[in-house]
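Next up is one chain by itself, shown in structure tokens, the form predicted on its own.
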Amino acid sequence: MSVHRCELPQDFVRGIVLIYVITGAASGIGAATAARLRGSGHDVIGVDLAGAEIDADLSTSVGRAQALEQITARTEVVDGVVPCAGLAGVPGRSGGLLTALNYFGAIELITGLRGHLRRSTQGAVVASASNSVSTSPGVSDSLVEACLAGDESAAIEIGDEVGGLGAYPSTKTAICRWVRRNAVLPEWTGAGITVNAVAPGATETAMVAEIREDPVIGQFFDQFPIPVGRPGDPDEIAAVIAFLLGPDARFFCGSIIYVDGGTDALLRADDWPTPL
């Protein structure tokens, strides 16, 4: 008689239940990541406007403070933070609102939970970037620098001047630079916390559906080249995020992982790596 062996995740086999915080957890990549982690036997504290464990508007300082307060009320230890909450860059959308949510809503949650992550034996942050940082025009250096300086009021003002189309790749560029600058510092890697980011390309989410429906840019969206021949699935991005959160990714530090079906490689084949 043959016996079927069920292969369980190693953390689950060892009886370790980890606690993850995911923003934007009610839909898209955030929801797929939450489902994957829960399927591995872990606990997830989801944060979103609605439909998650914690309802909060991360585009405001009050909403971020409320989210952090409620997370702390649930646990003093967090093993991983995945800030996925964000808005698409479409014409007519406030670039200031997009800046407040996409950048400050992510970074303030990450930094606000650093003490929780330090109490973990394998704290990890996986930020949400985008391949638009290298494949889309319109990145505003002034917006990037205002974000990195932590000057939210100035960044919001610049974001409104830039508009939604330019604010999106600019805020994602700022996230990449924040990750690169901070991951190597004593308060992060020196405290045993890995900090990395994924940079997805076109992925079938509500955000992409909104872009496709936009009367100005929707007609051009599916003309953007994807060498593998299709957009990504949220669970494909979630799989990479889960790996970066796990024990086999402890040597990753400040990495930006492109998961975009080859778009960046196609458009910038010789741009990376570049020498010092």
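In this text, residue numbers run from 1 along the sequence as written. Everything quoted here is computed from the prediction, not taken from an experiment.
One more form of this protein should be noted, the form predicted together with a small molecule, which is absent from this view; the next part is about it.
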Using 4.5 Å between non-hydrogen atoms, is S27 touching the small molecule in the predicted complex? yes
is_contact(M207, the small molecule) in the predicted complex, heavy atom dist at most 4.5 Å: yes
Spell out, yes or no, whether the shortest heavy atom distance between I45 and the small molecule in the predicted complex is within 4.5 Å. no
Contact between G96 and the small molecule in the predicted complex at 4.5 Å, heavy atoms? no
Among C84, V125, A155, A174, which has any heavy atom within 4.5 Å of the small molecule in the predicted complex? C84
Note which of L113, L165, A146, L101 lies within 4.5 Å of the small molecule in the predicted complex, where distance is taken over heavy atoms; exactly one does. L101
Using a 4.5 Å heavy atom cut-off, which of 243-251, 212-220, 37-45, 51-59 contacts the small molecule in the predicted complex? 51-59
